[in-house]
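Here we start with a single chain on its own, the form predicted on its own, put down as structure tokens.
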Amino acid sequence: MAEKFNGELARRGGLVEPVVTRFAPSPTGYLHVGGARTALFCWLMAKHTGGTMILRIEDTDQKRNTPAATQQVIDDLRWLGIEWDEGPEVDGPNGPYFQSQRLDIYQKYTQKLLDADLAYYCFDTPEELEATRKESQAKKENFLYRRPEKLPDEKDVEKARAEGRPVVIRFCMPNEEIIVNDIVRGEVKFPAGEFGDFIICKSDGYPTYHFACVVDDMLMKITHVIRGQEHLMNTPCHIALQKALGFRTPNYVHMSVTISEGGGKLSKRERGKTLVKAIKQIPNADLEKIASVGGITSDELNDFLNGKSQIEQEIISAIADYLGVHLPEINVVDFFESGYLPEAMVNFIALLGWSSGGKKEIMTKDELIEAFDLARLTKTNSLFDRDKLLAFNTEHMKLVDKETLLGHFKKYLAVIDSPIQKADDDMLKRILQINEGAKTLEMVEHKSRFLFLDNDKIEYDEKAVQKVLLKDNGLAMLQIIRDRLDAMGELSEKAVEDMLRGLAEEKQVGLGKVAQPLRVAICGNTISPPIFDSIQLLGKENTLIRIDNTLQKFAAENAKNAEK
């Protein structure tokens, strides 16, 4: 592999050697949609150029990393169809791909800097550092760590450890201007003195993000570092490290920020804000019960509601499920559990901060790979338009082949533990067919789950009951329908349709006045697939039982209304 870059080509995103990109998540939580965009762009870049994409797990934060988060990241990438060429579960020539397994490598390069007096040991306590920060604040100065005139030696290190002081290693940041050549933003200059000496090795012996990623990017031969704009301020430190270690500097690509519809950065805190708003709108909410659902105390819930503290996302999700509150999707798994297709997610995310160069927006993965060009990345912020995503998903629900859609549906039903998952493939295909035009798999499931519930488990929507059954002789119409269905033989779609349309014509009412009472009787609300298909799939016996249950349940209430 060539080691030199052509400067002009690099600035324009041109390629002078085989491309190697990397997606390097820190497994402290689930894969955020912003992280998914980074992974997607790395993957598209590699696929477009015939290069390599590496998945590297940056798990050096021992307090926050979890194996569950690592596995979720892997599962989410695979769901999206983003497959890495090297990394966990794939292996490759540049492993290990978990930074926690590369400590001996980092120690080697740390020692190289120490030997050259380009790094040094520090023993400051948190209290001492805080005092120095406050001193800088009082002088209205930026806090920059003050490098000692004489760098500590091994004896100083031994003494500090004996005293129980934390021992870290800091890098000697050069006092010079640093220029970042960014493919999106062009030449970005950082003046001398803007950055102080920063930690490259923590007191627990693990490297910091800054140091580990620089070493790994070199050893893994990364040619293009594609990441979010928020990392731009880190890049001068990385370039300084590369120069000190004798490393080459890769091409940097800092993508624009994706903002929410509220104008702020797309954040998981939106989920918490949505839940707080929903709870505060519940009259006489049982906060003690709500807290117990989340496994927290009433005081913890109150602090959360009053903005004094945050609670874990898992707790927020549990409470939201209990209250029936739909939270805004932020992590990739959220979109999966809301019934979005991976094809739609990839298509939509690809257009956040990037343009295909044409008018076409609904695109397959192959089309995205063919069109991908770093030169079309935009500097301006991109809007995460949920209505647009829903429109994209609606289109991809129609575009994917039937077998692929069936596979997506089965995975979705399993993860939400739907009663529909017990249906065989033929039934599932029929359900998808009669729900053609649905915007998400969640909508398909919601409209069709009544078919798989026990007849006595139907829950009636109060508004539907009042508007449809207890108004305009809805129950009387339902009784007529019941008698005519009972008199029929097999309930085929056509037979049911002919009967309902004939009854509507006979009574000189719209079809809705006939179909809606029947729909509420069989599923409890006014939302279902076409009523003719619904009756045929439910079957004559179950249909009659549900109608009888409905007539019996609301007869008394209907009589009271009639007296009024």
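Note that the rigid core is defined as the largest set of C-alphas that superpose within 1.5 Å between two forms. Please read all numbers here as calculations on a predicted model, not as lab measurements. Numbering starts at 1 and runs along the sequence shown.
Omitted here: the form predicted together with the RNA. The next part is about that form.
J.: Which one of these stretches, 70-78, 323-331, 386-394, 239-247, sits within 4.5 Å of the RNA in the predicted complex when only heavy atoms are counted?
T.: Only one stretch qualifies here: 386-394.
J.: In the predicted complex, does residue 190 have a heavy atom within 4.5 Å of the RNA?
T.: Yes.
J.: Just to confirm, residue 168 within 4.5 Å of the RNA in the predicted complex by heavy atoms?
T.: Although the RNA is absent here, residue 168 would touch it in the predicted complex, with heavy atoms inside 4.5 Å.
J.: Report whether the minimum heavy atom distance between residue 519 and the RNA in the predicted complex is within 4.5 Å.
T.: It does: once the RNA is placed as it appears in the predicted complex, residue 519 has a heavy atom within 4.5 Å of it.
J.: Is there a non-hydrogen atom of residue 307 within 4.5 angstroms of a non-hydrogen atom of the RNA in the predicted complex?
T.: Because no heavy atom of residue 307 falls inside 4.5 Å of the RNA in the predicted complex, the answer is no.
J.: Quick check on this chain: which one of 352, 226, 319, 441 has a heavy atom within 4.5 Å of the RNA in the predicted complex?
T.: Looking at the other structure, the residue within range turns out to be 352.
J.: Quick one: of 425, 367, 472, 194, which gets a non-hydrogen atom within 4.5 angstroms of the RNA in the predicted complex?
T.: Spelling it out, the residue with a heavy atom inside the cut-off is 194.
J.: Residue by residue through 361-380, which ones have a non-hydrogen atom no more than 4.5 angstroms from the RNA in the predicted complex?
T.: Stretch hits, in order: 361, 376, 378, 379, 380.
J.: With both forms fit on the core, has residue 61 moved 2 Å or more by CA between the shown form and the other one?
T.: Moves: no, less than 2 Å.
J.: Rigid core superposed, CA of residue 450 - does it shift 2 Å or more between the shown form and the other one?
T.: It does, since the residue 450 C-alpha is displaced 2 Å or more between the shown form and the other one after the core fit.
J.: Quick check: residue 50 between the shown form and the other one - does its CA shift reach 2 Å or more after fitting the rigid core?
T.: Stays below the 2 Å threshold, so no.
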